[in-house]
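Below you will find one chain, with nothing else, as structure tokens; this is the form predicted on its own, and questions on how it binds or moves follow later.
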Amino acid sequence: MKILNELLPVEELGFGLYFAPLKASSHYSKGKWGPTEYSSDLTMRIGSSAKVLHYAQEIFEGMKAFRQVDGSVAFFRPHANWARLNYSARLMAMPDFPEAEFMEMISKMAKQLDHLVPAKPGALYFRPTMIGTSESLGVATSEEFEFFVLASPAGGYFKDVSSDKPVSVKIKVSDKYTRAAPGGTGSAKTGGNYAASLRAILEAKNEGFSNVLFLDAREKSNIEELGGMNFFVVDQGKLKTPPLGDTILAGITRDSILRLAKALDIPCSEEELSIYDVADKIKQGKITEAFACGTAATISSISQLGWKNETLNLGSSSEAGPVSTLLYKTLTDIQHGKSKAPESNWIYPVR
């Protein structure tokens, strides 16, 4: 683990490679959470039979603190992260974590780590995590848990960094692997869902792609999401994204984009997107843009979709389209305090 005490240039940070020397944690036992502890020791000790190691009882969140134009630091929609954390907890048979303690944890950490918050386009990424720590090998929910928060100064998710436009990436559409099935835990932010995408992503990277776009498990026809990001297209000027369900994570960046689109008078809808229809419309020039979005990557323009034996090109291989560029710039300006958010609770100043 690489610990940073001084900030590196944003173009050298990458994503998730360096860690701040501070962790907050709380332990759950006998039906209640204990006091928060802060430590510079990022290591932890758990039993070899802990539930998290054998039955993957684990959830996490991804959120960022941004350097504002006035030099202060603020989080972007942290209450939404807290709400989604507890949604995931309920799906994974884990206890809710109190909102007041959550906000106090991240605020205290951000204050102490002010010197490690990069300027735009970087941010200080926070990883709140909950794991089951009870020691037994029976298939059952844990009775003890640990909740902890790590912080990581971050630059670009796909290495490239830009302050005014999204990076462009190539994505492979998988007709071989699926990420989640109806009735499962696909809408929880839990490690198992990401593990399900690893082999597909590895194979795609070996073929020159950056990530994988998954289809529904039943028909392998409708687009769902990438391995960690939601998906949008611009279809004849209208912004479209697949509707949420129990196989798609309710991305906070996804929700923010839909709200921003309405504020910017960009027509938008949540509707099923058949890969066959999307492929045909790209060939016909009706779908002119596609992009992926998430906290880590913000917005990444998709320049190419690899589908079966076809290469589907969207616009320029190096330049994002006008809609994705507008949404990216608007969103990042809001996150860094350069522009006003459309809703008052989006920006949470660190005091």
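All residue numbers refer to positions in the sequence shown, first residue = 1. Remember, it's a predicted structure, so these values are computed and weren't measured experimentally.
Keep in mind the form predicted in complex with a small molecule is missing from the figure; the text below concerns it.
- In the predicted complex, the small molecule lies farther than 4.5 Å from every heavy atom of Trp33.
- Taking the partner from elsewhere, Ser301 is found to have every heavy atom lying beyond 4.5 Å of the small molecule in the predicted complex.
- Shown alone here, Phe60 lies within 4.5 Å of the small molecule in the predicted complex, counting heavy atoms only.
- Contact annotation for Phe15: at least one heavy atom lies within 4.5 Å of the small molecule in the predicted complex.
- Contact with the small molecule in the predicted complex holds for none of Lys23, Pro98 and Phe147, as no heavy atom of theirs lies within 4.5 Å.
- Here the chain stands alone, but in the predicted complex its contact with the small molecule, taken as any heavy atom within 4.5 Å, falls in 119-127 among 199-207, 270-278, 119-127, 135-143.
- Of the listed positions (Ala296, Ile46, Leu53, Leu42), a single one reaches within 4.5 angstroms of the small molecule by any non-hydrogen atom in the predicted complex, namely Ala296.
- Residue-level contacts in the predicted complex: of Pro153, Pro166, Pro242, Gly228, one residue has a heavy atom within 4.5 Å of the small molecule, and it is Gly228.
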